[in-house]
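Just the one chain here, the form predicted on its own, laid out as C-alpha cells.
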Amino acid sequence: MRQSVRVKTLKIDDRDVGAREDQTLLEVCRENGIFIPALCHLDGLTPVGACRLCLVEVKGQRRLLPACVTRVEEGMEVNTATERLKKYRRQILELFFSERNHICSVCVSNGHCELQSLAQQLGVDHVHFPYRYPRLPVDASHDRFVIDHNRCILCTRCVRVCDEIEGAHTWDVMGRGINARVITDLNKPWGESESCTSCGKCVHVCPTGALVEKGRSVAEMAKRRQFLPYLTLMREGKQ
C-alpha cells in the first residue's frame, strides 16, 4: 500500500504553487510552465546537479541552489529568472563552449543540439573566455557508434542511462576537473567493450554531438527518449 504524500505550498517568482513533498524545484517549475535551463537533467534518470544551469535563488539561502536536486519545502520563496541568475547561466554556457571544441557549423548535431539551443535561447552570441582547444580523441572503434570527446560536456547522461536503465554500466568518468572524461570499461576503446550491449540508449540521451550513430545525417540526429519516463514508471510500480 502506497504511503500518502504531503503537499507543500511555496512561492515561485511570486506565484503560489503546490507540490508534493518528494518533488524537486525543477519538477515543480516544469509542471507550472516556469522555464529553467538544464543540460545534465533528463526525466527518468537520477538527478546529479552537474551542469549547474538550473541554479535558483531561495530566500534565506546565501548561495544559489541547483533546482534539480533541491526538494521543495513549506513556505519556500524561490526566484528563477533574476538578472544575477541570467548572468551566471550565460557564463556557464560560455565555459562549456570554451572548455572543449564545440563548432556548431561543422557538427553533425547542428540544429539538434541542446547546448546550441540553450545558447540561442539565453542570448549567448559570443564567448568572453579564452578557448582551450584541447586535443581530444574521437573513438570510432564501435561498429555502430562514435564518441567525440571534443563535444562532450560531461553531463553524465550516458553513464546514468547505461547504469540505471540498461543495467550494463559500460560508461563511467575518469579524471577530475578539467581533465575529466567519460570512458568505457576502464578506458578501453568502445569497440572492445565487453559490457556494451549496443542498445544505443547512451546515444539517444546525449545532449550534444558527442555520441552519434555512424551514417546518420543532420536531419536524422533527433534523439529518441520516449523509453525513459515509461521505464521509470514501470520500475517504480506506478503503472
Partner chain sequence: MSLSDEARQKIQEIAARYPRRISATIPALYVAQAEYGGWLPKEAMVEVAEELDVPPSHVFGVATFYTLFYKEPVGKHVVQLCTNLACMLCGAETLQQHLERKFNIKINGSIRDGTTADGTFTVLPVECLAACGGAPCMIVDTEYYENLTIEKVDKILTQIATQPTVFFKP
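Because the structure is a prediction, the values reported are computed rather than measured. Residue numbers count along the first chain shown, from 1.
The following text describes the form predicted together with the partner chain, which does not appear among the structures shown.
Contact check for His169: a heavy atom falls within 4.5 Å of the partner chain in the model of the complex. Among residues of the shown chain, Gly191 is not one whose heavy atoms approach the partner chain to within 4.5 Å in the model of the complex. Put simply, Asn187 is close to the partner chain in the model of the complex: some heavy atom of it is within 4.5 Å. None of the heavy atoms of Gly200 is located within 4.5 Å of the partner chain in the model of the complex. Only one segment in the set 24 to 32, 38 to 46, 177 to 185, 206 to 214 has any non-hydrogen atom within 4.5 angstroms of the partner chain in the model of the complex, and it is 177 to 185. Interface residues of 49 to 70, taken as those with a heavy atom within 4.5 Å of the partner chain in the model of the complex (partner not displayed), are absent.
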